[in-house]
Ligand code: BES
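As structure tokens, one chain now follows by itself in the form predicted alone.
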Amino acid sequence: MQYKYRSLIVAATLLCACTQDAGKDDSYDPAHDYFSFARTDQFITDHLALDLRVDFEMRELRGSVSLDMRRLEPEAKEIVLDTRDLSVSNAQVELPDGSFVPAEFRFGEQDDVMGTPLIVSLPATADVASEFRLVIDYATSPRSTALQWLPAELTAGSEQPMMFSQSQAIHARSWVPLQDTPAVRVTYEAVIQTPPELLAVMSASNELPVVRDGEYSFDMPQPIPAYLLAIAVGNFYFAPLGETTGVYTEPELLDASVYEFADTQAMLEQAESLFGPYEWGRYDLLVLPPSFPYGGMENPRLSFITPSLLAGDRSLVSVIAHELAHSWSGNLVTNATWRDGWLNEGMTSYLESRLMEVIYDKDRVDEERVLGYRELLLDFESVPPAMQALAPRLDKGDPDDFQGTIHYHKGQLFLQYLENAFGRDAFDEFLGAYFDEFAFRTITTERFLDYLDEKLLQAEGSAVTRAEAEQWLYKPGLPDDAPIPYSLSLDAAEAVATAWAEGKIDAGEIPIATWSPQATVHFINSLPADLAADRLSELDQVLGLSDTRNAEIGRTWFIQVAKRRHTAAYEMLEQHLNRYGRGRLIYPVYLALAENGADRELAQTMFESARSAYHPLIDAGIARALKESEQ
């Protein structure tokens, strides 16, 4: 996922109880998922089958889920599943002989973060069954944290409604009762019934050619964790991008999406040459409305993508490279708990940079590495030291709010450090073996460390010790010998910012047309803090920063507008907050506005005006952060 913008204010307040070093507390188990009720030591799910009807009027999914389960502990008699805001009407167990037996069920105590455990008692006739199928009839709530129900007027076509899911990190439980932990991987199938004029798609096999008939069948033969369960229903159309790639979106966005993502097939083939075989069949994209909360979500076979990437010049395709790279790091080899999230995101950020070197060149990638490094330094200022480790203690708080982007950027630097130490060829050989060894499995940080130690660190003449690797994984900040990225082109953009601010060149002489978006972002961030308002207006008028189609440039500019109280651009700032729902693009703008010393109430007013179009996760995060800013 690129990037899941996490609430640093919330992180600082929630994690005060998580600062104790794990090694000093025998009760803390780093391999345990503290954000699931499921007793995976007693029962495990192997396969999941959904039979659901999509009801836009009620804003609910209604039907059943069948869980093919195995009993691991012979004496275990109660199955505990994760749920949030689900209503359950019936539960029954199908035995190996095909007979069905009613099962008693009850809900446990509700938790504000984790939801509510669903406890199913196995009937006595199933006492000796080591394998069985549990069938649960249920319905979702309009309050589901995973599902966004969009009225027609909030879609591109303004004629048909839309619904889409976002299951990461622990939101699958709000649309399916299941063992919602990345430690459990399942194959799945589904039958989805919709209004006949709409199309359903899932993170599974999507039938081509598309036939709209109101009933759609799906199959995912590769086992995936619950957070990769994904569904969307809307007025979607399909266009091929290559032999095994394509794009779904509303017809109003189809041509722009085909142009923007035209190189996806070539990118897939280049990724295979770098990382090994692509194990998922097709790789398609689904471009959603602006309310999609993240840059992209790596749902296997069908990445969900923000329309904010449609810049018209293919300048933001690094997000596609990131989601594609997740097909190896994250989807193929998955973090066992959310405390190990760097194994997904840090590894993927490293693979993304390697892939982008092939697509563009090293100079362009160095620009992105520098910007990521600077973002990391900002995170270090906000995230408590105990949470700056790649694998921190994580048994409290909310897995959606814990590390800023540290697990992305620090994880990428760690892997770059290893590549530098052992050489690219040796490190590529290690990565290939790693993906082969742990394919379709989940692993902890400790298992990764042991594997790294076995394959590289113990080699004769190794340039890295286990203790040095552990410093990256378990200590705050960066080691003294961390590789610091450098970019000549960003240095040049910074020099232009200084020259313009000092009156040595006119705004018309700034060569923004020849720059990458990353250079423009760096130029904006390099402007002196004491620039007068008329100078900022001049810059905006000449360069058109408030009117940019590039969402990353707009994000950077409006953060500065808010910080500097450049009120002349506030109208365009508000348009930016209404145009996008992606957290990365709007969250820091709201925070900058709320924290500039004068505009907290204005930030709240703008938020109240725009929030009805935001995804529930983004709405809740911004509301929480603005409330915290009052203190």
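A residue's number is simply how far along the shown sequence it sits, counting from 1. Since the model is a prediction, treat every value here as computed from it, not as a measurement.
Not pictured, yet referred to below: the form predicted together with the ligand.
Chemist: Can any non-hydrogen atom of residue 295 be found within 4.5 angstroms of the ligand in the model of the complex?
Modeler: Answer yes; at least one heavy atom of residue 295 falls within 4.5 Å of the ligand in the model of the complex.
Chemist: Taking the shortest heavy atom distance, is residue 566 within 4.5 Å of the ligand in the model of the complex?
Modeler: Residue-level check for residue 566: no, no contact with the ligand.
Chemist: Considering non-hydrogen atoms and a 4.5 Å limit, does the ligand approach residue 531 in the model of the complex?
Modeler: Flag for residue 531 set to no.
Chemist: Does the ligand get within 4.5 angstroms of any non-hydrogen atom of residue 319 in the model of the complex?
Modeler: Output for residue 319 is yes: heavy atoms within 4.5 Å of the ligand.
Chemist: Give me the residue from 403, 166, 257, 179 that has a heavy atom within 4.5 Å of the ligand in the model of the complex.
Modeler: For this set of options, the contacting one is 166.
Chemist: Heavy atom within 4.5 Å of the ligand in the model of the complex: which of 326, 369, 84, 393?
Modeler: The residue in contact is 326.
Chemist: Only one of 57 to 65, 37 to 45, 602 to 610, 580 to 588 gets a heavy atom within 4.5 Å of the ligand in the model of the complex; which is it?
Modeler: That would be stretch 580 to 588.
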